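Just the one chain here, the form predicted on its own, laid out as structure tokens.
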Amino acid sequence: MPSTKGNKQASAPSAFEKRVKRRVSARVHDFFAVCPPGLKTTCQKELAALDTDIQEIQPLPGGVAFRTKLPTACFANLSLGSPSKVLMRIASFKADNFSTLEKKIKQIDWELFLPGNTDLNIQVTAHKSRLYHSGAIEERCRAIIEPRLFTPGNKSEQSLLIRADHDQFELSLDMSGELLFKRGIKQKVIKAPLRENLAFAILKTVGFTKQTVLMDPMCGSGTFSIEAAMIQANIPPGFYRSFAFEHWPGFRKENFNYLKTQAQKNFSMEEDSRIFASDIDGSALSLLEDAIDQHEFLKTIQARKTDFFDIQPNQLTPKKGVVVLNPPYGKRLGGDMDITHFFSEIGKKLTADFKGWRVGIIYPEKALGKAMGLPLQPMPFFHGGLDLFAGIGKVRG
């Protein structure tokens, strides 16, 4: 994380601010980056490369655990492209009756973690615990926490996650707020769009870099292309959005703004087009064009209405690069087309015209990877209620 030294305090900290710093900001805490299935490896690599203050990085069911201080975890929310959200662990204890649970909840200094005007969303999951009634757990906890966080004014929405497993309770605060794949760039999207964190992970896995040419010939509303443009411009994934932690007592706005200013100095706005996006759906393409009009860094995307099977990549760029595809399947494909034949034709097109290109292609059935006749390594992931695959490889030639 870039140093925040040099920021001057506007005034001497109050006694409460000193407590927050001593008990929350200055301490090392446990955090958990929640990841969709298939994205943990990407997230683990991101965390390892992000900051030396991030320690004990460990993949676990549902995501990746790590330890660091709160300011670095805020920086992680800003900088990570693959997680769905980041949680801050604030307590872990055993409770096999409501009396013990209430005692433990009362011992937590809630006012040091959450703002006084919190509108608290409590999510409870219980598994093989004596306190198995999630509604009763929420009711008891809310009755203790809310009176300590009530002040007038506009409410700040915050989420507390309570997990009980074999009488062991784990309490976490949602740092992120809205899911992290919501980058704050698109104003409108097509129905069931590809999530940005999935596109980010596929791009990273296929080897896309700042210098790579990208072909996105089934772009829809442009998720792959926008993520690629952010990578090439060196823009942190969370730069254009806000986070739940920005309302926490331990959050220091001046330090976070300084980090964003330092990141902005590293933005690299290229003038030449290295991202070629196209689709046969003009309405979907118009959503990408709207985003391009609103953000200068997206001007490197060349968008046009074209059928994938009509594209000749050597007419657009002399360089070989990465081609990513999110072909239609299910209802998007329509009932009259044979899906195996469709993906077979995609494979033939790639083999004929994209020789030497690295490829990342999404498909819903493992057999479709073989139908394309390409040397693809399947990367399984979960999206929109479906188990899917991203085939990663290189077209021979």
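It should be emphasised that the depicted structure is a prediction, and the values quoted were computed from it without experimental measurement. Throughout, we count residues from 1 along the sequence that is shown.
Same protein, other form: the form predicted in complex with a small molecule, not shown, and the subject of what follows.
Contact here is defined as any heavy atom lying within 4.5 Å of the small molecule in the predicted bound form, and by that definition not a single one of 76, 115 and 251 is a contact residue. Contact annotation: of the candidates 267, 132, 98, 309, the single residue with a non-hydrogen atom within 4.5 angstroms of the small molecule in the predicted bound form is 309.
Checking 177, 71, 327, 313 for any heavy atom within 4.5 Å of the small molecule in the predicted bound form turns up a single hit: 327. The stretch in contact with the small molecule in the predicted bound form, judged by heavy atoms within 4.5 Å, is 210-218, chosen from 119-127, 293-301, 233-241, 210-218.
Proximity of residue 281 to the small molecule in the predicted bound form falls within the 4.5 Å heavy atom cutoff. The small molecule is not shown here, and in the predicted bound form it never comes within 4.5 Å of any heavy atom of residue 172. Under a 4.5 angstroms non-hydrogen atom cutoff, the small molecule in the predicted bound form has residue 190 among its neighbouring residues.
The closest heavy atom approach of residue 222 to the small molecule in the predicted bound form falls within 4.5 Å.
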